[in-house]
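Given as structure tokens, the chain that follows is alone and in the form predicted on its own.
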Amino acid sequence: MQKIWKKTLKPGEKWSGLIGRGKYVRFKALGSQANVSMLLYNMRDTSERYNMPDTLKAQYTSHLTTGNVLMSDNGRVLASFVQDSLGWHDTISGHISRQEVDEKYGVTTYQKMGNDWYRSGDENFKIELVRNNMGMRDMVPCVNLFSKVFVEEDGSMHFDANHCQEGATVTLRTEMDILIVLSNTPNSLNESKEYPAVEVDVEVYDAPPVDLNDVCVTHRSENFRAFENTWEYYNLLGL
């Protein structure tokens, strides 16, 4: 595969960009306890975005791995999980706020620490949304790549600190032209007393065409219908 683009997300760093359909987006953790919070939108109409409830209930799961898809609020597939060395990516704990960062890791400022100050997912997302002509009303639940958060019988939520080790990888395939927003900031349930400093590589490759036997297409009947909706959308656009 020919690599099209690569970026290393430093700890606390954010990034957003447009990625066309039919691409592999590969993430690699360069240390343990990585967490990349991610938002997805239809590049052509950002009012269509990742829908967490539909994604989970249609696939009978609370977490994501190979075979799962990220559904939009229009019942289409924004991206699919085609490779995963971990078997679990968090969908339910959300992104970390400024208040949580300050309480867990101490108050830091750009004026004192420069680019090494402890950024929050909330601020990172807000900045990148504004850069893409959106705002707070466009904030939706995120996916936390590399994180495992499980729920006990009493309803309590817990972060598995041993889940993500150095070298873990996950690869998404874009099924639509997307706007992707990324924030390399700690999971809000990570109990570490030190701000996690894990770099994550992001690489983009061309992907082969999707066929009807694809693991994400056949994972559930709901997935197939979402793919049909997606293919119909592009057929009507003549793309």
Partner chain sequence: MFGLVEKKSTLKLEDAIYDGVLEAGKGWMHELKEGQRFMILDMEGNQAVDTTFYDLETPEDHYSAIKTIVAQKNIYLTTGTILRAESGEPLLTITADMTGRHDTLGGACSSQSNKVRYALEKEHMHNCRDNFMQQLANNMNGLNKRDLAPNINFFMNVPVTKEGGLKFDDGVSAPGKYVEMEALKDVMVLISNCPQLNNPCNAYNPTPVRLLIWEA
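Remember, predicted model here, so these are calculated numbers, not experimental data. Positions refer to the first chain, counted from 1.
Keep in mind the form predicted together with the partner chain is missing from the figure; the text below concerns it.
Out of the listed residues Met71, Val101, Leu145, Cys164, Met71 is the one that sits within 4.5 Å of the partner chain in the predicted bound form by at least one heavy atom. Shown without its partner, this chain lists Thr174, Asn184, Gln33, Ser188 as candidates; in the predicted bound form, only Ser188 has a non-hydrogen atom within 4.5 angstroms of the partner chain. Of the candidate stretches 78-86, 110-118, 91-99, 164-172, only 91-99 has residues with heavy atoms within 4.5 Å of the partner chain in the predicted bound form. Remark: Thr218 does not count among the residues lining the partner chain in the predicted bound form, judged by a heavy atom distance of 4.5 Å or less. Residue contact check for Gly106: none of its heavy atoms lie within 4.5 Å of the partner chain in the predicted bound form. Proximity of His63 to the partner chain in the predicted bound form falls within the 4.5 Å heavy atom cutoff. Using a 4.5 angstroms limit between non-hydrogen atoms, Arg44 is distant from the partner chain in the predicted bound form. When contacts are defined as a non-hydrogen atom within 4.5 Å, none of Ser16, Asp160 and Pro196 contacts the partner chain in the predicted bound form. Shown here without the partner chain, the chain has Pro141, Phe150, Val151, Glu152, Glu153, Asp154, Gly155, Ser156, Met157 in 141-161 lying with a heavy atom within 4.5 Å of that partner in the predicted bound form.
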